[in-house]
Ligand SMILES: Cc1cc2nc3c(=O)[nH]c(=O)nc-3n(C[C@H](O)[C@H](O)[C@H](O)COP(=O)(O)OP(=O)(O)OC[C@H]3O[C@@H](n4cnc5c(N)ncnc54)[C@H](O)[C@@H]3O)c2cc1C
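Shown here is one chain on its own, the form predicted alone, set out as structure tokens.
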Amino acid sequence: MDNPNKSPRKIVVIGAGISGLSCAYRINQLAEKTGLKIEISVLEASPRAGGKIITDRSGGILTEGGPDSFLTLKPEAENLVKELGLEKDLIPANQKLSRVWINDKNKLYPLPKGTGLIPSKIIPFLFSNLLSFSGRLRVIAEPWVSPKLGDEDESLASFISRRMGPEFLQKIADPILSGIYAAPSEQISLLSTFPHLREMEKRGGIFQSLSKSKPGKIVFATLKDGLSSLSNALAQNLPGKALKRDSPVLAIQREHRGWAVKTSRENFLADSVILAVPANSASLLCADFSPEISSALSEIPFTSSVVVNLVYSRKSVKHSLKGYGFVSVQNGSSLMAATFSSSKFPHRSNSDKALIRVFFREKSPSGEELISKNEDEIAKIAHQELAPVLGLRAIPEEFRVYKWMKAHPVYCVGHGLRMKRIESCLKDLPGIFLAGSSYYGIGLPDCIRSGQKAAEESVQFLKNRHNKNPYVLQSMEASPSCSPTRN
């Protein structure tokens, strides 16, 4: 009988964003641990790995085009940083300047201490002038609001307005959620983003549940040389020639007991394929072999955004910038949020500079029109929107613009049911797995966890399959219809 360890099993990971890289890295670890010989190919359509993680450094200024940090409450990112030997480069956000503001008609109001989607400290909230007196009273009446019966999903806007009142939703919760999800809270699923809030409601209300728990401290962290250090380290720890840039996938087809993956450069035969690309891209790739899962994946909507990093002379900014930044109430402006990057992470700029990161999303007033403009025009608009809020006395000395077209998945109401449908389809597609931000979390730790889970499922699939029949790809390897092209 043939020994399955003599011939390597083949896994193709499509997409070299943080999910795909984390997946491939984990597969390599599992192969070494189990002794299973696995040949990994990571196919990336663009010339660079890292996906939305993109770090630029010049003239003493470090900018991030995608995520600028990660939450340590979810351990996956921090643990991976340590595994890769980057712990010495780990930098927490400036805890002395952790204040956040709400921008309402170009006036900044400090977010009361302990207030986020839900106020955890009542006294600071009551003495804040962010909401009207009646709006504040409505919030503290939350314990007397009857819980919603049943387990049906609802939007975050519906839940928060029902529990806390419409003014809290408009002036606090919606700006925060828009900054996180790049979509209006009316669209976002409660059960797919903050399911614990529904459970808290059932246990007697949000405030009563909070009084019995000790929520963890929210800490943001990054790496000294930017988050690209993480994606670069993952890429460098892959087997030689595993990462193939400039290799867009043209088609995936069933091939006997496995899969054929075709690119413009070469073809690959695989026991397992992991789609670590956004659901809209995965939908197109699945269309040939499974119209059912392709249709389900296509139902996950995506939105676009623009990130603008602006560099000012510190003397030209009137505002103290003593905080992490602000989020904006929707009042006709297309400016959704701004991060005071040089305050949140002081190492990112020289002390005489102010680095401000501005965020626009597509689903906002004039958002679609703004995204279509060129970089110079976008930077000019960003400055014009920012100037009255921060008291800017001069134009930016430099800027960097990053467009993300249809790049952000929206977990709409019913997302959980859609995921059950997708998972049901996957049962009929042995060897196909999904990873990425489209499914069970959009943050960096979520993406890493998703990639690691897909890796573990894929390797387990290979082990189970080999135990049943060691002659896995023998017929595929003899097939002339899709023989791999060697480098």
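The first residue of the sequence shown is number 1, and the count goes up from there. Here the structure is a predicted model, which is why all the values come from computation and not from measurement.
What comes next is about the form predicted together with this ligand, which is not displayed.
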277, 160, 354, 338 - the one with a heavy atom within 4.5 Å of this ligand in the predicted bound form
277
Note which of 399, 101, 207, 359 lies within 4.5 Å of this ligand in the predicted bound form, where distance is taken over heavy atoms; exactly one does.
359
Thinking of this ligand in the predicted bound form, which stretch from 232-240, 279-287, 322-330, 81-89 has heavy atoms inside 4.5 Å of it?
279-287
With heavy atoms only and a cut-off of 4.5 Å, decide whether residue 61 touches this ligand in the predicted bound form.
no
Looking at the partner-bound form in the predicted bound form, is residue 14 within 4.5 Å of this ligand by any heavy atom?
yes
Does the 4.5 Å heavy atom contact test between residue 248 and this ligand in the predicted bound form come out positive?
yes
Distance check, residue 128 to this ligand in the predicted bound form, heavy atom within 4.5 Å:
no
Need the contact residues for 426-450: heavy atom within 4.5 Å of this ligand in the predicted bound form, sequence order, or none if there are none.
436, 437, 442, 443, 444, 445, 447
